[in-house]
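Next comes just one chain, in structure tokens: the form predicted alone.
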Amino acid sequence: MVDKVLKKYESKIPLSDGDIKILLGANQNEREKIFALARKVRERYFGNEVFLYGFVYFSTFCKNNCNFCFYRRNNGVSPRYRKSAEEIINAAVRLANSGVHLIDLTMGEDRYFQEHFDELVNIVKEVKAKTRLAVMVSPGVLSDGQIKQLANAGADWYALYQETHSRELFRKLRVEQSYDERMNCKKTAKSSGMLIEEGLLTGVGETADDKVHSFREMQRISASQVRVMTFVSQKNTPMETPKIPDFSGELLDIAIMRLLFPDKLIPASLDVDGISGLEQRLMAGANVVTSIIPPNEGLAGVAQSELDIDDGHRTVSGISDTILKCGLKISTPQKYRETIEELRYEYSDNRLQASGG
């Protein structure tokens, strides 16, 4: 059945929901065929180039109480810090000098920055000016006016993950939060000129139908970057478990995303499995390496707060050999800028057609 679906895809016939479910149920031998096709599709649209994202998680304070997150409000064992503007900008500049193509400014939904929003806006402006790189912001749920301020400050991307598009599962993961409010923030960000990234969390009780629905929702909202990350159990949280994460589902999801989103950016995150899992994710069809973090700066990861950071494995130099081993090469900032402008143009063109223009 999988072979039939892959032949259908190569014949440029759109995959049905049933086709996607067949791919999600592939055995190991069939998965290798899906991975091979995903790499072929990636090469068709992106050649052998890979983009790199520097990650600055500048505040671990959060007002939310997500059941899966190490930095949930009620987790007393989570280390808390809030970096100064100078520290944030300096870390971004060092990442830029190391060779990344984008600076990802991420925080928990920190009340401080929501109440002193001008500080966040100025940080985005300064990072943009001093690095001359694209900037992604992951500040959580904001008002329409705040989102527009970030767009005017030069933010290129707005990242706000649903984690799932099953409303029932969303309520279990993101307790006391509004599904629609998060989706509406992404709509505002797009209308303000920013590209959006959407993300899934896998291994949290989702079904194949849930995944298919999420893929379709990602298509519906025209996400320009789509990602999936495996749930990693966090200490002192409601979802803490001794179970060892199974990353195989994430790899298959990456490959299926590549087939469904052939010209979009798909990350291989260092934050889930570290450097040891990078090769598998690239070989599944990813074309972005995310969560590159400078060592010895007191910055944390999200799913893995310390993994591979201070030993230098989550640096440009630390991942270069793996990228080469996969037959890929690190792209250039100029190529990345061209790529996101193409994504912007594609979205604007789609919106114009939808409006009948």
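Residue positions are given as counts along the sequence shown, with the first one as 1. Values in this document were obtained by computation on a predicted structure and should not be read as measured data.
What comes next is about the form predicted together with a small molecule, which is not displayed.
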Per-stretch contact check against the small molecule in the predicted bound form, the hit in 105-113, 214-222, 256-264, 84-92 (non-hydrogen atom, 4.5 angstroms): 105-113
Contacting member of 26, 52, 302, 323, with respect to the small molecule in the predicted bound form [4.5 Å, heavy atom]: 302
Listed residue (142, 252, 201, 135) with a non-hydrogen atom within 4.5 angstroms of the small molecule in the predicted bound form: 201
Every residue of 174, 182 and 234 near the small molecule in the predicted bound form, heavy atom within 4.5 Å: yes
4.5 angstroms heavy atom contact with the small molecule in the predicted bound form for residue 229: yes
Contact flag, residue 161 vs the small molecule in the predicted bound form, heavy atom cut 4.5 Å: yes
Contact of residue 35 with the small molecule in the predicted bound form (heavy atom, 4.5 Å): no
Non-hydrogen atom contact residue 68 with the small molecule in the predicted bound form at 4.5 angstroms: yes
